[in-house]
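Given next, in structure tokens, is a single chain: the form predicted on its own.
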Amino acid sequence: MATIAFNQVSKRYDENTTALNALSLQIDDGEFIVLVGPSGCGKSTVLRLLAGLEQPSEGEIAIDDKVVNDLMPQQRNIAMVFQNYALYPHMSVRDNLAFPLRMHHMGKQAINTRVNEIAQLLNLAELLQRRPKQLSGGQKQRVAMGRALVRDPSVFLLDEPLSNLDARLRSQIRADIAQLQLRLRKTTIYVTHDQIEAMTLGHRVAVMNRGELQQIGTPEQLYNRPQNIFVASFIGNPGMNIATTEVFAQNNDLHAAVCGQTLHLPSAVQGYNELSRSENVGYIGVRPEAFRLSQVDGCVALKAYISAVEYLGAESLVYFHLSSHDHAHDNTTWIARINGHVDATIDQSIEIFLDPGAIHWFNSDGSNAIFDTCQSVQPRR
């Protein structure tokens, strides 16, 4: 196993293309880190730099406190699983698993012993004589993982390994990966654009955008304490509702103007005192789960104009505006996640209720206006 450190690492392909900008990231021995973000955010570049497939333009990469910038990939004891599996089609599963060991000139008996161990670990023992074309997508993925693990690497890298699988199989393999990492305690970096994978797998999750680290923390921290609007809107399914707002005092009470409506903020709202003194709050954020259709003590009411309803079985997604078409102050579409079926029609106006304690506030620059920023937290295990 190994610790990993990125110290102000940048990667530029030319003066107009920066894939990674001054990344600083510390990964503990045996930790499972997930890098998540939209396409082109730099997360796969991080893996390629660590594996030695790319060279950093600036900064240092260290494994177990040893700088590895000048080491060849084969000298880093790192194994990588790619999105497309990269299996040899003319080889059996056994030969695919054995190939990395043959390249290291391991003896035949030792190779057979190690291949059988990995096959048992990944439930591949009955598939060892098959060729890749005879395997399902999930079986191919397990073979690719086995080929990476067979050398007993210090660091295990996975680059969007489940993107080619259907939803049901992704769920199954995701659980297999979590159990495998828990059993082996390998230092693991997992790249995905799927936040469900990120939130369920990672001890910590690093959110990236445009080559920069936006926030790293436990899944709970990212969900409950996003440091900026990008993290707030990216984490969650659907993401947080974001709209411009103006916070003002009136008759010794605090109010927020949002899309033509005014919210009275009770003193129980998070950061009430900070909000009353702030002149920089520019955005309000509300998770879809914070809305309800029935009044509860302490909730504030909003008039909502329905634009669409998606029934998902156990719950419904209600899309709405806070201004009618005739008196539109803002065209922001809001989403509420409501339990059960919602009987509403398009353009119908209803009252929707919000727990003010669930409101997030952001400064005009997009940073969180209430929570202190925190780049380092204790990972969950």
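Since this is a predicted model, take the numbers as computed values, not measurements. Residue positions are given as counts along the sequence shown, with the first one as 1.
Keep in mind that the form predicted in complex with ligand ADP is not shown, yet the notes after this line are about it.
Contact annotation: residue 369 falls outside 4.5 Å of ligand ADP in the predicted bound form, judged by heavy atom distances. In the predicted bound form, no heavy atom of residue 27 sits within 4.5 Å of ligand ADP.
Although the partner is absent here, residue 40 lies within 4.5 Å of ligand ADP in the predicted bound form, judged by heavy atoms. Contact annotation for residue 358: none of its heavy atoms lies within 4.5 Å of ligand ADP in the predicted bound form. Only one segment in the set 44-52, 310-318, 344-352, 60-68 has any non-hydrogen atom within 4.5 angstroms of ligand ADP in the predicted bound form, and it is 44-52.
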